[in-house]
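The chain below stands alone and is given in structure tokens; this is the form predicted on its own.
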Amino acid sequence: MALNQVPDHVPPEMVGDFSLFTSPGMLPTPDGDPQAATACVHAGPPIFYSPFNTRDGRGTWVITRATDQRRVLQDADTFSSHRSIFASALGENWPMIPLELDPPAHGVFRSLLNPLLSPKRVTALEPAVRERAIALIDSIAASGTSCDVMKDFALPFAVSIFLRLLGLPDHRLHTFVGWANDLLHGDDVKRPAAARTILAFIDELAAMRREEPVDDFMTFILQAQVEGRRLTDEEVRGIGVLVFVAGLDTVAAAIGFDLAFLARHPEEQELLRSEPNRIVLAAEELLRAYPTVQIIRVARKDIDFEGAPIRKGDYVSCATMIANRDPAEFECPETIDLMREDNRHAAFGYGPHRCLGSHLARREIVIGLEEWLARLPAFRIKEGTAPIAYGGHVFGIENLIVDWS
């Protein structure tokens, strides 16, 4: 079947005119708000079919209600995670681990990796995270009265924490930022090239750590055992790739969207600056308002779901930004209320695959905001510029130039 053609089993009345890639507000737009633009789906049915809703032009079922998304994400027997997102850029088929594994294998690897990103481990990492944020912000403050938030702060900050986790020095920082950008936002030439480069790097790092073990993430993976055996080369690679990809763009984009919001709302900025103890709560609401990930599952069998005839092999989209604007879940979902309590947002997903790095991501975002507000005066979007935000598989923001002159 041709891509973005509607399958025969989808009733015509269930086809919706919406895509996270092409609908109004999704293409790169100055001063755009792609997350808010997804809220339009709540005026329609709880589930519909979007003929073009993945990077490679496939159609997906779109689940709009938070409660239904939780049902899908909790039910790994019916909805599989194995999509080979990274490997497919290379024309290959292997899973990022544990993200693209289904139970019971998923649980085995998840248990192995949980301690590496546990709250306790994150607390131990926290001084290094704060030190990195301070160094970057102090350098920005010393070099003038404006900066490009993503290039000068958000991406180098997120990438340097990833490097610290892997036990690597910061001098390769800009190389890694370039790879991440090409992989996540590059064209059909840059993406596969970046994917190959990242794989070669992970293989090379694994070979080095086999020869000379040190106290770091890669050595841990190489020495670990699952079910009484060492990990295969493909498993080491699958974990390495996930740690690389998952920790970069998502945290950087979250910090970018947060600072863009604060740049446009001086009164909220002032509140958090004068009462920094409110930042933890505010960061949760900003995660609700500006999540960045579309989670996709693949149906493992035919199922009738809320009246939708989902067939084996169909893609099912649980977009976090749609769940987070669900009026059945959140009072006044379109209002960004930094004091919102009991915030059951979906930014980190749900169920057995809930984001493994969520504790670290939360601390990176909070520390980034704390140090930014403590070290820079009131800031705004620089006159004559406009940030460009966009939808897609991972939502993002760029050209965010702020000024505090």
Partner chain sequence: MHIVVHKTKCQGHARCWAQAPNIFKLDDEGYVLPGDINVAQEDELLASRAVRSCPESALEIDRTSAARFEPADMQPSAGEA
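The structure displayed is predicted, hence computed values, not measured ones. Positions refer to the first chain, counted from 1.
What comes next is about the form predicted in complex with its partner chain, which is not displayed.
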Report task. Choose one stretch from 41 to 49, 24 to 32, 352 to 360, 369 to 377: the one whose residues place a heavy atom within 4.5 angstroms of its partner chain in the predicted complex. Result -> 352 to 360
Query raised in the report: With the partner left out of view, is Arg58 within 4.5 angstroms of its partner chain in the predicted complex by any non-hydrogen atom?
Result: no
Report task. Verify the contact flag for Asp68: yes if a non-hydrogen atom of it lies within 4.5 Å of a non-hydrogen atom of its partner chain in the predicted complex, no if not. Result -> no
Query raised in the report: Looking at the partner-bound form in the predicted complex, is Lys120 within 4.5 Å of its partner chain by any heavy atom?
Result: yes
Query raised in the report: Should Asn93 be classed as touching its partner chain in the predicted complex when contacts are defined as heavy atoms within 4.5 Å?
Result: no
Query raised in the report: Of Thr232, Gln223, Gln74, Thr175, which residue is found within 4.5 angstroms of its partner chain in the predicted complex when only non-hydrogen atoms are counted?
Result: Gln74
Report summary line: If we test each of Glu284, Asp258, Asp249, Asp314 for a heavy atom within 4.5 Å of its partner chain in the predicted complex, the one that passes is Glu284
Report task. Run the contact test on Ser111, Pro115 and His345 with a 4.5 Å heavy atom cut-off to its partner chain in the predicted complex and return yes or no. Result -> yes
**Report entry** Members of 328 to 345 lying within 4.5 angstroms of its partner chain, judged by heavy atom, in the predicted complex
**Finding:** Glu331, Asp337, Met339, Arg340, Glu341, Asp342, Asn343, Arg344, His345
